[in-house]
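Heads up, the chain below is alone and in the form predicted on its own; it's given as structure tokens.
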């Protein structure tokens, strides 16, 4: 059973890579157009951070957090979301494919459907979002003050971006599975992915306690960056979590991936061809 799942996952990754490379080659045929799209994507996403820059032009702190700390939160979640959006952003179009029947073409091909849907029309321009988040993250590490760096804290930074990307990617996949039943449900999924990314860019101390507990214990978005980032910053974990919870992000990400995979399999099995 386990060996079969590993083989299926390997097959899916191979199919994903082949399809993505095909679309990358297609994109690079028009290199100037790609460059302009990439730069515009980078600039548009940078305006999100401009809001924070303008805010700190009038205040010295936000919810007890200094500018460098808020920039660190912004950079970690934006980088994680950028990775997930680059790799899995296309799955959000499942609802449209269900409505117009084009999903059927993926079902008859000898490759996992999820890999095909995620890699189809691979949007390399989304590197702009990833690059913007990574630039802010690196800059925040330069301006960050008062952090007593250890090996564990240094390792936590790249770890949280990877596990955060897995959590965001899982939410994208679960949202895509939801669209097998609610074919116009893309905005519902986006409220957890794009909305969650925006939420995590700011300190948990400025939000109501019920909301913070919701993203810790119900939809575990807090493990994208709040929980591990607050450990790096030397602050208490949100919603009464113990200090060791900062190291639980990989386990949470693994659980999210497993649940998202289950949701996708249930969704595929419930699909009844065109218009269902």
Partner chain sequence: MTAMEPDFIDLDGVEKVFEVRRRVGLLRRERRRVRAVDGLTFRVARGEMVGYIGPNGAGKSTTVKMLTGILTPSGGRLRVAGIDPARERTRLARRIGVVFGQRTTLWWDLPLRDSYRLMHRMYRIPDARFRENLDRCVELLDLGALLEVPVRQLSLGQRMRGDIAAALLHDPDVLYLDEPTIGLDVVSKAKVRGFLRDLNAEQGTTVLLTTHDLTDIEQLCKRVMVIDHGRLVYDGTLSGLREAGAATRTLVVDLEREVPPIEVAGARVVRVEGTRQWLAFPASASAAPLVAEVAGAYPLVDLSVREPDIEAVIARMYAERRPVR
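Residue numbers count along the first chain shown, from 1. Because the structure is predicted, anything quoted here is derived from the model rather than measured.
We do not show the form predicted together with its partner chain, though everything after this point is about it.
Proximity to its partner chain in the model of the complex, taken as heavy atoms within 4.5 Å, picks out 110-118 from the listed stretches 78-86, 148-156, 110-118, 187-195. In the model of the complex, no heavy atom of residue 5 sits within 4.5 Å of its partner chain. Remark: residue 19 counts among the residues lining its partner chain in the model of the complex, judged by a heavy atom distance of 4.5 Å or less. For the chain shown alone, residue 139 is not a contact residue for its partner chain in the model of the complex, no non-hydrogen atom being within 4.5 angstroms. Taking the partner from the other structure, its partner chain in the model of the complex has a heavy atom within 4.5 Å of a heavy atom of residue 26. Residues are counted as partner-facing when one of their heavy atoms sits within 4.5 Å of its partner chain in the model of the complex; in 78-102 these are 100, 101, 102, in sequence order.
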